[in-house]
Ligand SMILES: NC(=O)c1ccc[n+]([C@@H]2O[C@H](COP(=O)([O-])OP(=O)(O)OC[C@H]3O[C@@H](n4cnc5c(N)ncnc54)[C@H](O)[C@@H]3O)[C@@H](O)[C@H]2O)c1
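Okay, so here's just one chain, in structure tokens, the form predicted on its own.
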Amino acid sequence: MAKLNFGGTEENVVTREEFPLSKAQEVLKDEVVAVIGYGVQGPGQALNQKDNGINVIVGQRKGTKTWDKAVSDGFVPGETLFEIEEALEKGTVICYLLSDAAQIALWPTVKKHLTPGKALYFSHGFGITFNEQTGIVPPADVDVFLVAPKGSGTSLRRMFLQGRGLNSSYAIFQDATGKAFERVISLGIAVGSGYLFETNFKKEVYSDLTGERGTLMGCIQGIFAAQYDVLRSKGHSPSEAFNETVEELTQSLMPLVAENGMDWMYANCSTTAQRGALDWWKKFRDATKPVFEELYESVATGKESQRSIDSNSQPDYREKLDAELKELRDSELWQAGKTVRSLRPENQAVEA
């Protein structure tokens, strides 16, 4: 494990240089990794492990769309694709990648198959951290750990196919075998992590729920909508408002930030843009910080987790979700975006 300086603070990280894939393959050579759930994280993690030579099987309900997707992705019924209970029985590492609400519902079945020496793997600290709400309390004689890729399963798979890696956190909740560290790091490398940084289950879920509701998804949509609405109300066209709000950010500026940081992006913009950004960023920080404080408190007190459990467990959850997503999809902002995206050169038909 390496210690690296992150802005003045030293942290423990594991890189692929010190823990190469060959080492991960050796550690996992006798394991059967059962990926339970084939929705958001399941496909990316299962396929990356499969391509990395790990003995991975998928557990999914037969006759579902996700079962059919697993088949189309190359998992073979009766060989590498099984009903959930059969996969749980066969697996020595249980990758529990169902939604949080589904994890609660299936937990009695999973627990029954957690025999001594097995490992229970999460990609989210939710179930363990909020166990008073979820009821997920693992037996004492199994390893319990997590690898949490910092992105969607789709991004994890795309970056893997590009020869890149998505950063992940890792945490060990319970080391029953004395081998939890090498198991979790090997799995982190096998699923396609760029590097792995140390955390614990509580910190992972607190930061994750805050990030999703904040700058990663909730806040960014709110900011997009506010600026777009102001520009439209001042007479700017949908095309101009969308380009100045979303398209330039995602297609031009964020890649520069990803490449070398915010200061480098500022330095590679016009002096007028630099001046405006430097003058205004602290005002936005000060305006939004109270909202982030409120958000973190809601996460830490369990309000967000309970709301998520209550909402996602409802029988009509999907219908309500579709209605909320339709509101976004049908808004002028994202309808304008659909047209703008179609006009990108890479999306234009090639002329003969």
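Here the structure is a predicted model, which is why all the values come from computation and not from measurement. When you see a residue number, it is the position in the sequence shown, counting from 1.
The next section is about a form of this same protein that is not shown, the form predicted in complex with the ligand.
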| property | result |
| --- | --- |
| Partner-facing stretch of 249 to 257, 98 to 106, 225 to 233, 130 to 138, counted where any non-hydrogen atom is within 4.5 angstroms of the ligand in the predicted complex | 98 to 106 |
| Three-residue site 5, 21 and 165 fully in contact with the ligand in the predicted complex at 4.5 Å by heavy atom | no |
| Answer option from 52, 66, 288, 298, heavy atom within 4.5 Å of the ligand in the predicted complex | 66 |
| 186, 123, 245, 193 - the one with a heavy atom within 4.5 Å of the ligand in the predicted complex | 123 |
| Touches the ligand in the predicted complex: residue 91 (any heavy atom, 4.5 Å) | no |
| 4.5 angstroms heavy atom contact with the ligand in the predicted complex for residue 60 | yes |
| 4.5 Å heavy atom contact, residue 39 and the ligand in the predicted complex | yes |
| 4.5 Å heavy atom contact, residue 153 to the ligand in the predicted complex | yes |
| Residues in 312 to 334 with any heavy atom within 4.5 Å of the ligand in the predicted complex | 317, 318 |
